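Next up is one chain by itself, shown in C-alpha cells, the form predicted alone.
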Amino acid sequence: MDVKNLHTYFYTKAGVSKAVNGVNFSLREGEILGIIGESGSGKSVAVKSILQIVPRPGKIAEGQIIYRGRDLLADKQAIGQVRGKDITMIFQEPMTSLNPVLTIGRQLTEGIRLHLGLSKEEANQRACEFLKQVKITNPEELLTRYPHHLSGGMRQRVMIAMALATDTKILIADEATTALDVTIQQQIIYLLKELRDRLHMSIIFITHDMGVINEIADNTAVMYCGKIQEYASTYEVMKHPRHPYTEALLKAIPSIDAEQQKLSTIPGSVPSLLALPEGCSFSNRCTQCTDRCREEEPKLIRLEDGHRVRCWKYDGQGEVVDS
C-alpha cells in the first residue's frame, strides 16, 4: 500500500484544523510500520483516513491511497470491498469497540459471514480456529460470553481474532496496547509479531510509546503537527535520530543505567492546528532553531543512507521527496 500526499482536515466554526497535512508512506508485505507522535500529531487520523472512517467534521481533502493498484479514495466501491476484510483495524480500548449486549460469538461471526459467505456453523468453526491462533484455549465457551466477562487483554485478543478471521492483509493497530498493563502489553506485542510471521500480513502500529515501537516495528515514521518529520528503520530512528523532535522524545525516556537522573522535557507546547506557524511546526520548541526555521517550512529530505528527515540542518544533503 502507498499513501501519497494525504490531507485530512477538520472544518470547524473556529477554522480549518489541518490534522493530516501532506503525509506519504509505503507499506510492504510482511512489514510492521510504526507511527509515533504525541497526542494530536495526526497519526490516528492518518490511519482512519485509509479506511475512510474519519469522524465528522473531518474530511479527506486530498491524496491517494493505493492498495493493490486501486486508489481507495477515487474508487468508491473499492473501500467497501476491502474495509473489514483486506484491511482491518483494532483500537485502544476494545470495550468501546465490542457491543456490550451481544455475545462474543455473534460479533466474531458477523464479519466472517458477511465477507466470506459462510454458514452460521462454518463461521463459528472459523471463529474458534482464530481464537486458538490468538492463544485462547477455550474458544467454544468464550463464544457464549459477553465482553464484560473478559479482561482487557482477552478483549484485545478477541479484537485481533476478529480482524484476522476475514483473511486480512493489513492490520492497523491504533494504540492497541496502551490500555493494558505492561505484562499483557508484552504478550500482545509478541502475539502480533508471531501472527505477522505466520500469516505474512502487514501491520501499521500507532503509539506514543517509544519503547513499544522499538519492540515491534521494522520501520518508524515520527509525526508532529500532521506531517512526518522523520522516517527510517526503527534501529536508525532509535540509535541515530536526525530530527530534533525525535531526539527530544528519546531524551525524555528514563534510563535504568542512571541511579539519579533528571528527565529531559520538551519546552513549550504543540501549536494549534488551526494556526500553524509560518516555518517549521517544531520551531517554537526546538533548541536548535534558526531564523530560517521560523520563516520557511523545511522539506522532507532523503539522505544517502535512505533516512528521511524534515529539518533545515540537512538542506542540500539529499533528495527532496515531498513538500
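None of these values were measured; they are calculated from a predicted model. One rule holds for the numbers: they count along the sequence shown, beginning at 1.
What comes next is about the form predicted in complex with a small molecule, which does not appear here.
Among heavy atoms of P55, some come within 4.5 Å of the small molecule in the predicted bound form. By the criterion of a heavy atom within 4.5 Å, V45 is counted among the residues contacting the small molecule in the predicted bound form. At the 4.5 Å threshold, heavy atoms of G63 stay clear of the small molecule in the predicted bound form, well away from it. When the small molecule is considered in the predicted bound form, G40 lines it closely, a heavy atom lying within 4.5 Å. Of the residues given (C286, L273, L27, L51), L273 alone sits with a heavy atom within 4.5 Å of the small molecule in the predicted bound form.
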